[in-house]
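So this first bit is one chain, no partners, the form predicted alone, shown in structure tokens.
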């Protein structure tokens, strides 16, 4: 049995999953299923595309690791006092000055998934002063903030030749987003339990997908997986096979 998991294809999603399970010698309750492609039937066989899945034994699967695989590998966590963090603060201050933005930057240790707990060495919290509106640093759905954080990490990694990263948050945006995503995950999980049907969320960056995965990690009735590539990658919340409701009884003949 491969602890790294296997990939399999089939005419349908269920067929692809069953092929992978046969290779591993496991049941659905013992694995994590990632849908690489749901496939499509085509029209009269024309344009058909096989479904493709990656199936990993639960003992070897971590949803956090799955999403981190898309980011930098070999990251070293040093702590808020690391010289890389001090340089990140200095560089962030220069950027704010160039933008003419008045703000305070405080440094703290990561505490939650939104902070990059387990990956980030520190969180740089940016707070406006004198009623300064920092919305320009956040951007639509946090896109500008993500770009700002990326630039700062690229600079400190090149300067120090290290794999240390920092998280940048503005006016508590990431904490609020984390709470919103957790509530969404819980709400959709309940819907999945009621209907017995999977739900696919909108595309999210790796850090936000990790929040959803972790929120539902201990739920015995649903399982999360990911589908798609790059910016189009999404989380799917599905019922565990053992947690699905039995089919309704057939009417008497």
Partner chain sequence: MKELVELVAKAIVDHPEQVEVTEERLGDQVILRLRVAADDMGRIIGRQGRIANALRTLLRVAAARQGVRAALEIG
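The model shown is predicted, which means the values in this text are computed figures rather than measured ones. Residue numbers count along the first chain shown, from 1.
The form predicted in complex with the partner chain is left out here; the points below concern that form.
Checking 173 to 181, 75 to 83, 107 to 115, 130 to 138 against the partner chain in the predicted bound form, the stretch whose residues place heavy atoms within 4.5 Å of it is 130 to 138. Judged against the partner chain in the predicted bound form with a 4.5 angstroms heavy atom cut-off, the residues 95, 151 and 159 are in contact without exception. Residue contact check for residue 103: none of its heavy atoms lie within 4.5 Å of the partner chain in the predicted bound form.
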